[in-house]
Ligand SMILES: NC(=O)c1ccc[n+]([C@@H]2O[C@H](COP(=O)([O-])OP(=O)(O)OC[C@H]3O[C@@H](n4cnc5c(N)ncnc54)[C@H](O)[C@@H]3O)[C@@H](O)[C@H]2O)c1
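Single chain ahead, written as structure tokens, the form predicted on its own.
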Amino acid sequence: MQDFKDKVAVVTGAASGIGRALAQRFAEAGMKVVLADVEVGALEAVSAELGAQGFETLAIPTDVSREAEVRNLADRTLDELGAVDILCNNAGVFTGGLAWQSPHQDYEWLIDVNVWGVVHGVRVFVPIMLGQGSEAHIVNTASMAGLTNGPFTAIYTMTKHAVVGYSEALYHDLTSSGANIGVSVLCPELVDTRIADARRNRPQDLAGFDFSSPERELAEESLRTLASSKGVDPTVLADRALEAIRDNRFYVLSDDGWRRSCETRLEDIRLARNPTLAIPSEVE
């Protein structure tokens, strides 16, 4: 996709971080941007900020873990803007801890948002895109954690591996069907966002427990500290995504130590050896 002017982009998780940066870049490229997020106050603030810059936006509070709300997002987008050309399934949350100690609520929350949020987006929007018949593109936000592995982040890592695999299968499905819909999987490294504080948006029905462990606190505090001190600006990821859409490129990866960790994991698989703990230099 080369021409973005007057096209429509839908971005989930648009109230902060990478989603906020994607919305800004799409707007600057001449697109009408639909902002979706569960954090209503922040969502409205971003919409107002972009509007003050002269950009056309539509803010729709959306919990991507609920299919009905994603369908409402699509319906309102079509009703008010008439089409959807780019979909960014970007909303995501994080929690840490040991795999066997983490409560069921942690698993449910991360799978609901990080995996089902992407699945709902694909199931709702792809039929719309196919019906339009015009060029379209989907960006699913995974993580370099979806291509590597390490301790104390089992649930998050599992969900991001799922997003990578699901996106690869989606790419093959659309290509085999002759669809004019591109797919990219965005795999950020450490980014300066508030994902370590994602529990601010945790649903009440999944928050009724008292759980803490050294591993949980280490993972979350390390992410919080490293993201603010070493994390790249979210606009870097937005620029990568925009370039990938232009080039119709699937893998959107970091070019730092995370890539070397990924290569170590691939070598583990190739040689059928036990997993190597290959911590990227950026987080050491």
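Quantities reported herein were computed from a predicted structural model and do not represent experimental measurements. We number the residues from 1 along the sequence you see.
Missing here is the form predicted together with this ligand; even so, the following discussion is about that form.
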Checklist entry - Quick one: of 73, 183, 86, 91, which gets a non-hydrogen atom within 4.5 angstroms of this ligand in the predicted bound form? => result 91
Next on the checklist: Just to be sure I understand the contacts: of 174, 81, 164, 195, which is the one whose heavy atoms reach within 4.5 angstroms of this ligand in the predicted bound form?
Outcome noted: 195
Next on the checklist: Quick check for you: of 30-38, 212-220, 49-57, 238-246, which stretch puts a non-hydrogen atom within 4.5 Å of this ligand in the predicted bound form?
Outcome noted: 30-38
Next on the checklist: With the partner left out here, check for me: in the predicted bound form, does some heavy atom of residue 65 sit within 4.5 Å of this ligand?
Outcome noted: yes
Checklist entry - With a 4.5 Å heavy atom cut-off, would you call residue 120 a contact of this ligand in the predicted bound form? => result no
Checklist entry - Does residue 95 make contact with this ligand in the predicted bound form, using a 4.5 Å heavy atom cut-off? => result no
Checklist entry - Can you check whether residue 147 is within 4.5 Å of this ligand in the predicted bound form, heavy atom basis? => result no
Checklist entry - Relative to this ligand in the predicted bound form, which residues of 168-200 have a heavy atom no more than 4.5 Å away? => result 188, 189, 190, 191, 193, 194, 195, 200
